[in-house]
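First, one chain by itself in structure tokens, the form predicted alone.
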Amino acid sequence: MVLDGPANSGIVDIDLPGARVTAKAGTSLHELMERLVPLGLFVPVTPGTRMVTVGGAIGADIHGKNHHQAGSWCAHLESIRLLDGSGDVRVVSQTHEPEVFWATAGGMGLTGVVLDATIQMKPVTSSRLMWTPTGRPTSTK
């Protein structure tokens, strides 16, 4: 079987007050940032490319430049909808079926096909950064 990930892309739900988004597995981080930064939300982990998809980020449990502070991608997931090898759709999370959740995180697709995920985003006030004398970036308006 061959699956076309980008054909399964798009944002399913945005919870602005909760800073959460549910996105289909084929949605690229570029698409997420393009749509969500104007709304004040940013991806919690930023790898070296924006072309990775939500499903790919889960399958590889990607890390980014902020790994020492934020951890890896799957640490920021509220839940994953997973099509398993039996054809069942399961909703897994760090608290509901955690063994399946953590086997999926970085499991390179061995537990099934990720359909979508709910991600805890990072609130931001701007898409711009300014370097401070301490060398730490701060957002600007």
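When you see a residue number, it is the position in the sequence shown, counting from 1. The structure displayed is predicted, hence computed values, not measured ones.
Below: the form predicted together with a small molecule, not depicted.
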Open item on the list: To verify the annotation, which of these, Ala60, Val91, Ala70, Val100, has a non-hydrogen atom within 4.5 Å of the small molecule in the model of the complex?
Closed with: Ala60
Task: Lys65: touches the small molecule in the model of the complex, heavy atom cutoff 4.5 angstroms - done: yes
- [ ] Give a yes or no for Ala75: in the model of the complex, does one of its heavy atoms lie within 4.5 Å of a heavy atom belonging to the small molecule?
- [x] no
Open item on the list: Test of understanding: in the model of the complex, would Val114 fall inside 4.5 Å of the small molecule by heavy atoms?
Closed with: yes
Open item on the list: Quick check on Gly48: any heavy atom within 4.5 Å of the small molecule in the model of the complex?
Closed with: yes
